[in-house]
Ligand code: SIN
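One chain comes next, on its own, written out as structure tokens in the form predicted alone.
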Amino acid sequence: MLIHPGGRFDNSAADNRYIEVRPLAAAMGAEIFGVDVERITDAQFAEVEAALFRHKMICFRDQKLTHAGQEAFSLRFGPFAEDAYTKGVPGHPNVQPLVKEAGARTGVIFGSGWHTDSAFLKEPPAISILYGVDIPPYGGDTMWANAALAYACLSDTMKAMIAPLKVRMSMGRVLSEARAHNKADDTPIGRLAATREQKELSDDVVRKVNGAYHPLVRTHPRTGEKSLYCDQTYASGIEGMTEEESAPLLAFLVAHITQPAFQCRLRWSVGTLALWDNRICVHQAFNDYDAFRREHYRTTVAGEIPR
């Protein structure tokens, strides 16, 4: 299963007139230069959007974004998505604060475990946009893995076998882990942990635990690229299969997607803005900065029913 770069690996930058693109790794990811996101031109945006689809994840350094500026940039890609976990900041309901205070000890942090954002929704978000404000001196990195490249590197036999399958995406595992390991507080995971004191789950939580069935192989609506749509966090079964049948297949696919050859890693700094396309990659954050504060703000762009 371990693959080394070569053959299908081409994360080279396209020819651009208005931005500079430098790839981060062989498999995916790129850093964009020459753009002030709050003052981006239409010509620059067209190349930025194309770079996002090509590299799956892109980032900008040394940005100075207001909440309104992040909202405006996000809306260039499309309307805001439903946010499944968090509450927006005052006056900006679609800008979601992701903050871990210095010294906070949590069993599960928001964003841990390989996942594609809110895949349990009927219409999962297409694009996530994350802005770093307070960054640990070390730790707190984010990693991505290229689910489209992973699909391309499967055998033809495996592709044919999984082509008609639908995967169940559910928030159930996150809910169980939050209740087992975290204290109740006003954080996304803390609010889930607080449900252990409730006699019944709210209709909204039940909806997310019930989840949705999506194609195990989905097609990007803009580029036509096919990718694996499963992850470690939300994928909980395959339609028409028993758990004993689906578990080994999902375990193989998750291990295949997230192997080192398909990954890139981002070391955050103050003012870094990262974007990724949830339809063609997975990502995870690390809980390795307990002594330091970490503050980010996230917006998400609405997606479509996966096809």
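All of these numbers come straight from a predicted model, not from anything done at the bench. Position 1 is the first residue in the sequence shown; the rest follow in order.
Keep in mind that the form predicted together with the named molecule is not shown, yet the notes after this line are about it.
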Per contact check vs the named molecule in the model of the complex (non-hydrogen atom within 4.5 angstroms), the hit among 275-283, 36-44, 257-265, 49-57 is 275-283
Mind checking whether each of 100, 107 and 191 has a heavy atom within 4.5 Å of the named molecule in the model of the complex? no
Could you work out which of 215, 237, 111, 172 is the residue within 4.5 angstroms of the named molecule in the model of the complex, going by heavy atoms? 111
Go through 179, 226, 115, 168 and name the one with a heavy atom inside 4.5 Å of the named molecule in the model of the complex. 115
Answer yes if any heavy atom of residue 145 is within 4.5 Å of a heavy atom of the named molecule in the model of the complex; otherwise answer no. no
Is there a heavy atom of residue 149 no more than 4.5 Å from a heavy atom of the named molecule in the model of the complex? no
Find out whether any non-hydrogen atom of residue 95 is located within 4.5 angstroms of the named molecule in the model of the complex, and reply yes or no. no
Is residue 130 close to the named molecule in the model of the complex, meaning a heavy atom pair under 4.5 Å apart or at it? yes
Stretch 285-299 - residues with a heavy atom within 4.5 Å of the named molecule in the model of the complex: 285, 294, 298
